[in-house]
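Listed next as structure tokens is one chain, alone, in the form predicted on its own.
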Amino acid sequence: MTSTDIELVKLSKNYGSTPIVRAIDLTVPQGEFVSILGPSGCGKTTTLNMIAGFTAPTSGQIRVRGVDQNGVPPEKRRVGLVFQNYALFPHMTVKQNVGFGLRMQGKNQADIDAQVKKALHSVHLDGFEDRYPKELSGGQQQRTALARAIAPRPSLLLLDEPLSNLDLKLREAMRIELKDVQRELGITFVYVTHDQEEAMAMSDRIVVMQESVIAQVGTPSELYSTPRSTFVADFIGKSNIFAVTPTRAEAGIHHIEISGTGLELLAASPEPDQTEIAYCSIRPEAARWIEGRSRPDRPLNILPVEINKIVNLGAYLEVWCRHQSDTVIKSLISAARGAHLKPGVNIELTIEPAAIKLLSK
């Protein structure tokens, strides 16, 4: 028995001369919640459809639990599927919908009833057995589709944007439920989404795709704190991203100039090499407001700025600040602390050198 559920080896898909997925490599261990994240057209759904068997690869290998899937039809892959539109049968009750796959497998009625009951209990739909899809809320329909997928007890579940049709509040609640179900059942989830907040909230690891290739793979915290490209820094959360020119380096500190502005910053970063530095990324919460006359007791980047704009995000304010070099930096300040701030006010920001992430070309 292998401890790996999915292995993608140099997996590619072309439509004519157009590459949709280009030579991607990925390993997913058993029991992991992995999200494939990226903008529309990056190849994430095509990748999922190749794993499911709905789309044949142009080249490369797909192994599920160590077995090569070349030529294996979808129904033989023993993989659970949950789609964006749920695909529930409107003329069937919840119980009949959830038991459909088991009936197709030729299970006896006693086994079907037992597995349906267990699946409905897992998604908190006890007592809904005799309702029809039209009698369910959007969240209940989503959970019915999930129960149908897990009833045959697959070790692998593929989900294609299953929450995109739900309103924001319900989507947030279902994120928690999905992660709880995955953790309780120990099923490997491969989850496709374009919503970075959704991926960050649920995933053990995230695969970020950009233009048919994998841009970076990592835990949510790794992707947020150490992005490897401007695309990942911009796509995961919010960032101030600047083109920079390195001027010199000493004692582990890079001196960089925001290109065309004359503004020099200090960045403490072991990588990339001085000759490869082309951009920097600064998270808005790392650009901290210095209140009063207090000053840090160690060398930091201290920037006098004027507030241009304030965007109220509820608990936080996104404060757009302009330095005299004409550089605009967004800072995240708690609404309670910044209640009296307004455009035209002069403040000072400080940025730790270690919070400035240097990116290569």
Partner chain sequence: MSSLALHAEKGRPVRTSLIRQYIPLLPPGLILLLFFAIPMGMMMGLSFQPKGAEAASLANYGRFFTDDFTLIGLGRTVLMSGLVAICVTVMAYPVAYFLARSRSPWRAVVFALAIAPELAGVVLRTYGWLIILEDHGFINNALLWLGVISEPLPLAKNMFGVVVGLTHVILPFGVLSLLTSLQGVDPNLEKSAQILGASRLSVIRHIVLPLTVPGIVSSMLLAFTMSASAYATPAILGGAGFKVLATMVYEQVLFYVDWSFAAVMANVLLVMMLIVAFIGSRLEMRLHKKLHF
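Numbering follows the first chain given and starts at 1. Given the structure is predicted, the values throughout are model-derived calculations rather than measurements.
Separately, the form predicted together with its partner chain exists; it is not shown, and the next lines address it.
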{"property": "One residue of R248, R103, H121, K169 in contact with its partner chain, assessed in the model of the complex (non-hydrogen atom, 4.5 angstroms)", "result": "R103"}
{"property": "The single option of A278, V72, L266, M92 touching its partner chain in the model of the complex, heavy atom within 4.5 Å", "result": "M92"}
{"property": "Residue contact check: W320 to its partner chain in the model of the complex, 4.5 Å heavy atom", "result": "no"}
{"property": "4.5 Å heavy atom contact, S221 and its partner chain in the model of the complex", "result": "no"}
{"property": "Partner proximity in the model of the complex: P152 to its partner chain, non-hydrogen atom cutoff 4.5 Å", "result": "yes"}
{"property": "Any non-hydrogen atom of L81 within 4.5 angstroms of its partner chain in the model of the complex", "result": "yes"}
{"property": "All of W289, H340 and A354 with a heavy atom within 4.5 Å of its partner chain in the model of the complex", "result": "no"}
{"property": "Its partner chain in the model of the complex: contacting segment from 209-217, 249-257, 94-102, 191-199, heavy atom within 4.5 Å", "result": "94-102"}
{"property": "Those residues of 125-143 which, in the model of the complex, come within 4.5 Å of its partner chain by heavy atom", "result": "Y132, K134"}
